[in-house]
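Just the one chain here, laid out as structure tokens, in the form predicted alone.
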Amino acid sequence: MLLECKDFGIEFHDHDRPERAVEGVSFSLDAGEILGIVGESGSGKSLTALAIAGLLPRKKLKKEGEILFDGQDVLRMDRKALRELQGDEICMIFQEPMTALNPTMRIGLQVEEALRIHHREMDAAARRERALSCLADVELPDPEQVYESYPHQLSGGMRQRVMIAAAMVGGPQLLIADEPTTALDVTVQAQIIKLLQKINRKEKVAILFISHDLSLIRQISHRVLVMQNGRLVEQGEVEEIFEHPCKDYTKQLLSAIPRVEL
């Protein structure tokens, strides 16, 4: 088992009265598996993902339970140990690549960043070769031109492929994709989903795929978690959840999917 979340909870203390954002969430993720998390805005799915990636603030926040990655509790790691995982063993693809990419740096340098931090044995030529290979793997046309480009010179779909290349450059065990297709049109969405499935099959990397789009969750996931108001409502095999949901909230989500009647 690669990832195990045990009775995980988050309570914020920014205001006079503590605010509980996530409570009692437990699930597991095996190596090479794609696990989907679905829920409306504010359900706690992105906060859970940020906690797994070690990206939650350390102050004014109470964390409960355990998040075990390869047997190590990321909630209680010191900063040095956590930095060794981030960007190397655990990588994250964010919703909007234009805000995640540095507009003043060429793409190649940004894709190589994890190698400079975690693989210092590699020289500049080896880093460039690895970055170009990853840009090719995510099916970007003319990787060398993309390598020398700035983010604003690429389309939204190309920038998201760059983000995936940057996440994969170090050979992670876990890829967290937080609403990675929300800012893209439907055609490009489908291309990104197929790319993530290809990476999952070829590299055997586990993927935690977060979305409010049920059709995307069904298309890509092996299993699915349904979250509501910071709690885990239902979980199971994706087809079982979609064909035979047990909880009223899951049924309501499924009934809200637009259907075209001819």
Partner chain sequence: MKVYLRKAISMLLTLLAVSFIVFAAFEIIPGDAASSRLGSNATQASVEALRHEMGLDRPFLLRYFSWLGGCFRGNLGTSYSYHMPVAGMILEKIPITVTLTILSMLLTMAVSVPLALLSAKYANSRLDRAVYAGNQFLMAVPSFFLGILMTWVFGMVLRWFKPGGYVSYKKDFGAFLGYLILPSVAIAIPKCAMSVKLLRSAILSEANRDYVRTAYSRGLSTMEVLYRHVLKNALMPLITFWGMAVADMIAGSIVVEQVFNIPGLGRILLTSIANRDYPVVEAVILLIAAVVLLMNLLVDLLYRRIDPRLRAE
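For clarity, every value in this text was computed on a predicted model and none was experimentally measured. Numbering follows the first chain given and starts at 1.
From this point on, the text means the form predicted together with its partner chain, which you will not see here.
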- Task: Could you tell me if all three of 55, 86 and 94 have a heavy atom no more than 4.5 Å from its partner chain in the model of the complex?
- Result: yes
- Task: Although its partner chain is absent from this view, report whether residue 173 comes within 4.5 Å of it in the model of the complex, heavy atoms only.
- Result: no
- Residue contact check: residue 116 to its partner chain in the model of the complex, 4.5 Å heavy atom: yes
- Decide whether residue 141 counts as a contact residue for its partner chain in the model of the complex under a heavy atom distance cut-off of 4.5 Å. no
- Query: Does its partner chain get within 4.5 angstroms of any non-hydrogen atom of residue 105 in the model of the complex?
  - Reply: yes
- Task: Counting non-hydrogen atoms within 4.5 angstroms of its partner chain in the model of the complex, say which of 166, 74, 177, 146 makes the cut.
- Result: 166
- Task: Identify which of 99, 191, 155, 133 has a heavy atom within 4.5 Å of its partner chain in the model of the complex; exactly one of them does.
- Result: 99
- Can you name the residues of 1-37 that have a heavy atom within 4.5 Å of its partner chain in the model of the complex? none
